[in-house]
Structure formats: structure tokens, C-alpha cells
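There is one chain below, alone, in C-alpha cells, taken in the form predicted alone.
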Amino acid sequence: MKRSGVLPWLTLLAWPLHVHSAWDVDALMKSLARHEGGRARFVETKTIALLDKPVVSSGELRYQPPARLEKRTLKPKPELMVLDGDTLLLERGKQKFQVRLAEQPEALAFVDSLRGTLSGDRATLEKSYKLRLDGNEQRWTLDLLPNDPRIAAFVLRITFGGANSQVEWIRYLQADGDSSTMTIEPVEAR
């Protein structure tokens, strides 16, 4: 009889420890915020309704928290995209485009989804998206669902998947049915 009375007390003593270590959006954001950036290889597969087969591209990513992201596509054709602060630069062959994100609120919301997730900036994400986290620290997915109709007109959902503090893949589902999935593999510093 005395033994059975001890078990509930032990359970109650352990309970606050379990609550403290709960896996939730705040825990994920703190984990992502600790990531120091770096280099990664990517493979991106785009499914476009007008095309018979998916378009596959690959290249390298560089991220410097909190606001600089470089995507250098090597195959099938060279392309460079650089997000630096409020500026988006695109280079395709001899063509160069530069956009101030403050002048393009829908583009800024898209960019913020990426940089906000990579830097663990929940406040930035929640300006434009409802967040839904599934899984645990070892294997998680974070859905970003637009809460602004202007953004929802372009994208239905952005999903990030990863393990611990590492984003391993990103999937975009556009409002027109097209989609894109990018897998990311870190490159060790030399």
C-alpha cells in the first residue's frame, strides 16, 4: 500500500521537468536562432502545371544570419539570387534585376518566411503566417499558413522540415497548384 502512494508523488515531482523541456514553436525558434549559418548544397524540384515533367535544379546556398542569403544555381543553367537586407538581386546570364523588398510587400512576406525561419525569428513569421509545428526535436515540420489574403493569393503553404537546429528541406505550395521542394545538405567548413 505504501509503495502505490509513492508513485503519484514521483510523477508529480517529474512533471515540471517534462513541461520545461516541451517541444514547441518557441523551442524550435530558439534552436534555429543558435545556428551560425554557413554553406549547403541544394536540389530543387519544381512541379509546374504547364510542363510535362518537373524542373530540377541544383547548386549552393550560403546563409549569414540574420539577413543575407545567397542561392547560386549551377545546373541546369547558372543563376544567382542574393537577399541582403532589403534588397533582392537576381542574375540570369547577362540579365540583372534588383528589387527593393519594401516596395513589394508580397515578395517581402515570402523572403521573411525563409529568413525568419532560418534565424528563428517567430515575430517576423507571425506578421504574415500562422505557424503549426509537428514532430519532435529530432524530426520536425513547421507549416507556415498565410494569414494575409494578398499572400494567400500566391502561396497556400510553406513547410520547413528538419532535425534539431538544421533545416533539411523546404516545400512551397502555390495557390495555382504549382509546387517546389528543395532539399538542403550542409557543406562542412574547410
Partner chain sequence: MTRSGHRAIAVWLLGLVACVAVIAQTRFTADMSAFMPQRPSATQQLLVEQLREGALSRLLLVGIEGGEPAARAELSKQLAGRLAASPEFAGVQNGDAAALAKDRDLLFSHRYLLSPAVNPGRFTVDGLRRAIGDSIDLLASPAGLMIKSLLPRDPTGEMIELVGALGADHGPASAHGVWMSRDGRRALLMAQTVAPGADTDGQEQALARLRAAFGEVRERLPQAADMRLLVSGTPVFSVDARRTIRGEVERLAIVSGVGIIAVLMLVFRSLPALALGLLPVVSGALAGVAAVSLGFGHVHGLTIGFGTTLIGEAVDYSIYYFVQSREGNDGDWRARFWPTIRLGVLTSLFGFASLLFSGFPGLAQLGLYSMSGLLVAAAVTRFVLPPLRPAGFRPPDATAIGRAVAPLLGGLGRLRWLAFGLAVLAVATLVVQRDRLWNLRLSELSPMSPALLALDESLRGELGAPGQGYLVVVGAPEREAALAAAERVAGRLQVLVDQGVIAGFETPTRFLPSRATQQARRAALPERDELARRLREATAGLPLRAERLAPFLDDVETARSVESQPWLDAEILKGSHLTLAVDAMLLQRQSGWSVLLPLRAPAAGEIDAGRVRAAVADEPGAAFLDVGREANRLYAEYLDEAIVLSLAGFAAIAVLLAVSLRSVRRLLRVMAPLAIAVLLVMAGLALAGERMTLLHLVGLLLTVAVGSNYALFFDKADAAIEPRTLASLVVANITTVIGFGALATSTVPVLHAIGVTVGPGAVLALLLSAMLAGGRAR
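Note that the structure is predicted; figures quoted are calculated from it, not measured. Residue numbers count along the first chain shown, from 1.
Quick note: we don't show the form predicted in complex with the partner chain, though the next part is all about it.
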- Message: Just checking whether residue 55 would be counted as a contact of the partner chain in the predicted complex - the rule being heavy atoms within 4.5 angstroms.
- Response: yes
- Using heavy atoms and a 4.5 Å limit, would one call residue 48 a contact residue for the partner chain in the predicted complex? yes
- Query: Heavy atom to heavy atom, is residue 79 within 4.5 Å of the partner chain in the predicted complex?
  - Reply: yes
- Query: So, in the predicted complex, is residue 74 in contact with the partner chain at a 4.5 angstroms heavy atom limit?
  - Reply: no
- Contact stretch among 38 to 46, 125 to 133, 141 to 149, 61 to 69 - heavy atom within 4.5 Å of the partner chain in the predicted complex: 38 to 46
- Partner contacts for 144 to 178, taking the partner chain in the predicted complex and a 4.5 Å heavy atom cut-off: 174, 176, 178
